[in-house]
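Just one chain is shown here, as structure tokens, and it is the form predicted alone.
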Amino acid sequence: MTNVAERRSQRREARRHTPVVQPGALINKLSPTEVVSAEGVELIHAASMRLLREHGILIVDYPAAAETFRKAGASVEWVDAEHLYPNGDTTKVCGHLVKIEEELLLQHLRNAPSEFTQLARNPARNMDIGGKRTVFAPVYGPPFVADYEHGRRSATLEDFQNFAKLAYMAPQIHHNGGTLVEPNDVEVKERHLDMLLAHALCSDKCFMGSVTHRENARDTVLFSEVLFGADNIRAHPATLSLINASSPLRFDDRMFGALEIYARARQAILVTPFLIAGAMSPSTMAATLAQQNAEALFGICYAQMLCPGVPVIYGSFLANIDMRSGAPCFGTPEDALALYAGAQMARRYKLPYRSGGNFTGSRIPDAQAGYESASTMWPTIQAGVNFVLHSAGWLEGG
């Protein structure tokens, strides 16, 4: 036992004096796996254009966005009605319904860059996003954490700081991410400031901005100006921020308000429909991909209307649902097929792609967690995903 303890001590001492190499993004030399034919890609594109032209996207509680689309030439009408679902339930539909023609949409999409560089506090860790690169970022948004001493519990600011330090220390994590956990011991109105400060003090890698309110986004821009300089962040973005569609076919004031602040400040925007097939989209993958494509392109189009050339990422978070329990499923064949196909759609528009990660619905790091995570990470690499959110730290479906 003494010899074992001595060897462990020697290894720890050796690691302490070994410089940590922090690589840039992985360069993926594999040819991307494609599961949809060229004709199939065009069929998905055509279906999504038909959704945008005939059905439209509802903008809720944010008339400024609707006015931007109207001035650009899109059709905008006010909707205030009861919507009847097939199961008999009804819901109030209220907002501006925006319908946009394909050529107008593509005209703005062409302004989006296919690659961009995000600034880090340490210039050696500036991150190039797009092309053949794969960037790993940690998990985003869990309200709970687990450790050996206390088990599962609500996350705190100290947990957030510790995860920021771990992301900084891990060579395999290229980007520090955003809401590593929700620090529940801090007031919501102040929480984003403490998280931004932790990213700046506990790491020198790139980080993500706050999107919980447009004023929080404004605080993030001001914080970045102090950290990097106002002129510098207009030349290259200092933050990358996650904008989710309120699927199906809907954006709200919180998301579009934050998007507007970041776009006008030329900060990078990651537009991701949040889809669980069978719940927020059709149960078939082809129809779900058409909806995902329509939502992602609509958000990206809005960003380009506000600021032509602002860096954007085409995002996909797509799981399917267990039709018996209603629980989200991860690592399924359907998820993998959708991930591959989503990458093909992003390449069609020459946009960087976000998807994949280490996804699992398991409550503990067991065999289920390993199999489900591997079943998501393999297609992530094979599809050529550029930005991988949720690369590490996910249990219980997030």
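A quick note: this is a predicted structure, and the numbers were derived from the prediction, not measured. Residue numbers run from 1 along the displayed sequence.
Heads up, the form predicted in complex with another copy of the chain isn't pictured, but that's what we're talking about next.
The candidate site formed by Tyr62, Gly73 and Val76 is entirely out of contact with another copy of the chain in the predicted bound form, as no residue has a non-hydrogen atom within 4.5 angstroms of it.
With the partner omitted here, the stretch from 50 to 58, 33 to 41, 347 to 355, 64 to 72 that lies within 4.5 Å of another copy of the chain by heavy atoms in the predicted bound form is 33 to 41.
Contact annotation: Pro379 falls within 4.5 Å of another copy of the chain in the predicted bound form, judged by heavy atom distances.
Under a 4.5 angstroms non-hydrogen atom cutoff, another copy of the chain in the predicted bound form lacks Cys329 among its neighbouring residues. Although another copy of the chain is not shown here, in the predicted bound form the stretch 358 to 374 places heavy atoms of Pro365, Asp366, Ala367, Gly370, Tyr371, Ala374 within 4.5 Å of it, in sequence order.
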